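Alright, here's a single protein chain in two forms, structure 1 and structure 2, each given by itself as structure tokens.
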Structure 1
């Protein structure tokens, strides 16, 4: 959209003419991807690399701004008239005009299962601008270790592709864990890159045959670990296993990206939760504050449910809460918190 047209559509005159609807409503009659401000996109390709995943190539509108390597987005899709939002890492290089994410099936997850089983090119999706500081470096280090498991491979692909696109690929060991070869997303792409790039060493470990990561396997694969900056991403159990191994072997920076709360299973609380605006009270014993609100019949906004996207942030008027990641208990007043990663540790009053 040309800047002069965007400026005209954002004017008070255009807004008043569109009232009681919005300018975006009328743009949508032309093309639902059009919007004055909102990043939106349309799925151009849907590729099933493995039976339980789908890689989506999305063509965004011109409200989208290019991300930094290793960042994530809040991805929205309408299912049965309800807009659902989930957080996914970007797997493509930042300089690409399209946007690539890979979604793995996630238990009973409505969004991931729909995308894996049913999504097709042409689907309209809603985006946010990319966020995250998984890759804070302005330039690559001399030596790097990209260490991932499962879907943790996706932000690694973004970092690796960014280095290659900028012709700045350092000496890299890319070590990835999957259950089997059939479960490994991006295996073919990584095999090709390892053949093309002499400074890229690919180490694939399949837990069904090789077992989980250990000190011996890490020492054998990366004997010069103490000379490498490390990027680490994967499921909570994998991250918890790897961190002590890294701590014992290197003082170089270790950058972590974790899309699960390792303490999520301890989401029990105590006390009473009072949702002030709705005038609803509920026991705080069972679940996070987000789950308690939903069990009480409320519909607070949420996205990732992992404490990443901040969509569920809400003001606590007064109360005692426990952070499910750090287990820290705080007495707070007039403070915004993420409902998905906090439980009641006493009586809590929430502006919801």
Structure 2
């Protein structure tokens, strides 16, 4: 979109002419990728590096702003008439004009299965601006350890590619755990980078042959661990077993990124939940407020269901809630909270 056109479409005149709809509703007639401020895109390429993953290259519209390394987005796609939203880490370097994500099949997850099995180039996707503090540094440390397992490799790729693109690659050990070589995403790309970049040391571990991560393997592969800043990402079990190993070996910063909700306290609540607008009451006993709303037949928006995306934000008129991640109990009034990571800790009235 030409800047002048965008300016005109964003003006209050355009808004008044479109009221009560928005300008985007009319732009959709030309191309649903167009929008005055929402980032959206189309899938340009879908490559299957391993049998149970797919790497998507997405061409965003020009509302997309470049992400920082290691950030994630909330990715929305329409399947069978329903818009699903999921969080994915961006794998590409931040200065690329397209964005790349890799999705691994995840049990019976509707979205990941669809993407791995059926997604085709050309499909419209809804994006959000990238978020996340996985990589807070402005400049790379002297030495780094990138330690990942499974699909935890994607934010690592983005950090690594960002360093290479900026020509600032430090001394890096990239240690990755996959089940077998066939399951390892980005294996070819990493092999190539390791050949080209003398300061990149690649350690691939295949759990079916080498076993899980242990103190010995870590000591052998990264003897100078205490001199490295570490980035850690992977499934909850992996992260939980690695954290004590790191704690025992280094006092340098460890940055963690986790896309699983195991850290969430078991969701049980108490009290009564009253959904004010729909005038339904439910017991606050089982599950997060999001789950209670759904059981009561309501249909609030959600994305990640683990407190990352903020799609489930909703106003609580009054009540006592417990944060399922920190277990903290709060009395609140007229406050927006994320329904998916809060349970009732007493009576709660929600504007839904």
Partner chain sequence: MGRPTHLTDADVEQLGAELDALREEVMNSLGKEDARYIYRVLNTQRFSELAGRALLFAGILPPAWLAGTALLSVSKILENMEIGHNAMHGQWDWMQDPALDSATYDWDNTCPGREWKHSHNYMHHTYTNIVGMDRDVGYSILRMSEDQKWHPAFLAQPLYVLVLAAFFQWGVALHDLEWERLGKDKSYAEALSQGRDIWKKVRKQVLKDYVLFPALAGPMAPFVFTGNMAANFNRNVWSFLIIFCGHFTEQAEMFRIEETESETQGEWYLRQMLASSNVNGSVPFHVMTGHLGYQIEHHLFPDMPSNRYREIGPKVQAICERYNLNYNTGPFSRQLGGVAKRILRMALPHRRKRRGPMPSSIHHKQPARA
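Positions refer to the first chain, counted from 1. Because the structure is a prediction, the values reported are computed rather than measured. In this text, the rigid core denotes the largest set of C-alpha atoms whose superposition between the two forms falls within 1.5 Å.
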Checklist entry - Is structure 1 or structure 2 the form predicted in complex with the partner chain? => result 2
Checklist entry - Relative to the superposed rigid core, does the CA atom of residue 275 travel 2 Å or more between structures 1 and 2? => result yes
Next on the checklist: So, superposing on the core, is the move of residue 70 at the CA at least 2 angstroms between structures 1 and 2?
Outcome noted: no
Next on the checklist: If the core is used for the superposition, what shift in Å does the C-alpha of residue 333 show between structures 1 and 2?
Outcome noted: 5.4
